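The form predicted on its own is given below as one chain in structure tokens.
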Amino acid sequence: MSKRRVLTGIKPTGSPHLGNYVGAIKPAIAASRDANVDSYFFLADYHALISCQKPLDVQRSTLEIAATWLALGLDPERVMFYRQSDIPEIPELTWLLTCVTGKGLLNRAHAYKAAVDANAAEGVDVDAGISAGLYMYPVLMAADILMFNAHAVPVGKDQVQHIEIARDLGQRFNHIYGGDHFVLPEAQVDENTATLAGLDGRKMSKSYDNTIRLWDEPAVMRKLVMSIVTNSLLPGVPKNPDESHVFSIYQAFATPAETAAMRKAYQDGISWGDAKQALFERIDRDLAPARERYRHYMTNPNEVEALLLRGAERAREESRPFIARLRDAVGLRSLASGVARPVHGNLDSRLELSGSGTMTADLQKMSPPELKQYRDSDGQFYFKLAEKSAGVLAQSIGFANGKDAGATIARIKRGEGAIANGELVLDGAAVAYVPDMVDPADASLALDVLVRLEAEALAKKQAQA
């Protein structure tokens, strides 16, 4: 992939409010227009089922959220816009990842721990009311991300742990089954993202019931804006804009010039009623065109459905072949091709050497075997003997430091190691093992090729010197 891939998940629970628009929707849509980025946006309706078991509410919210993003300028032709439940490869990948996920990792997930702590504080069974869906939420989220090999996922600080879990699971799958199946994603946290105060001065949130809904009718929105809590300073008395929730919301919508003018108005003693009226007018001016588009999509759900299905089909052009490769990697294969040497049984024919001991032209076109060193999550250093199309042929034991691992690799490249009884042996001791599903003869042949390549490279270097 030449472009940076950014994936954004949108959970369809409830109606969007001004805080969602300013903090997430507006900046995400702006970022999606970057020509150097491939943007993926999906409606996380499987995730919604964890907290909502009301089918009509899930369906209604899915339509509202999709219509919101489309109305505010998300271009479904420019980005990948799809519904999670329309990609059957995602739940299949969830299971593949579940089988490499440690229970201890999920025990430490913030949402599960918070639910357990809340039960403990109430003196009830610690798992009371906690569904397996909540417990497995991080694995499903990892599947969302890893399915499309996203480089970055925009999240709030409270969601960073989920991206770290996705990295852990991707790395563990790569380690167990060999190869670089998954890109390891990074959390993208924007420290400058605006956080709006709600009607009572606390963070605008549905949980506080202090929101201003994005698509309320103008009269309703104005009434809510006029109810924002302020201090008792009278008209004509200078007011500090940096201590005003009304001003902070205005600033999130206004241009720099408008913000500067409003700041001066505060210093000149603008009344709270006038400040709130100016805020309402500025919000309405920003949202009025989008409100008409939103109404169009809400009254034409078939149009939204068609856009989502088209997006899903485009997404599945990637997910279908990718899940096929992952199924093969874990051993979910047709038995018709035989099981004696199911993974690397034809390696010897592809790694044919000429009688002179140099590589044939066919082999030179291939990806040669490599010894790759890395540090795993346990803090130890490892290496693996791998060939791009064949995968991992030998996996090392752990080394306490990278220097020892590197020295071992250097000796193996000089031809001091050998494959014997399913192990890569050096000085009579096993320093790596051949996976059960790999024919040791293939590993031995790949090791021979690697040593010959290294010898030829060294001879060439010496000749040039």
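Counting begins at 1, following the sequence as shown. Everything numeric in this text was worked out from a predicted model, so none of it was measured.
What comes next is about the form predicted in complex with a small molecule, which is not displayed.
S.K.: Since the chain is shown here on its own, which stretch among 67-75, 152-160, 222-230, 97-105 would lie within 4.5 Å of the small molecule in the model of the complex, judged by heavy atoms?
M.R.: Selected stretch: 152-160.
S.K.: Just one of Phe148, Phe247, Tyr137, Trp215 has a heavy atom within 4.5 angstroms of the small molecule in the model of the complex, so which one?
M.R.: The residue in contact is Tyr137.
S.K.: So which of Ile50, Ala44, Ile29, Ile412 gets a non-hydrogen atom within 4.5 Å of the small molecule in the model of the complex?
M.R.: Result of the distance check: Ala44.
S.K.: Although the partner isn't part of this model, could you tell me whether Ile283 comes within 4.5 Å of the small molecule in the model of the complex, counting any heavy atom of the residue?
M.R.: Ile283 lies outside the contact set for the small molecule.
S.K.: Can you work out whether Arg452 and the small molecule are in contact in the model of the complex, taking contact to mean some heavy atom pair no more than 4.5 Å apart?
M.R.: So Arg452 does not count as contacting the small molecule.
S.K.: My question is simply whether Gly9 lines the interface with the small molecule in the model of the complex - judged by any non-hydrogen atom within 4.5 Å.
M.R.: Yes.
S.K.: Tell me, yes or no, whether Ala312 is in contact with the small molecule in the model of the complex, where a contact means a heavy atom of each within 4.5 Å.
M.R.: Outside the cut-off, so no.
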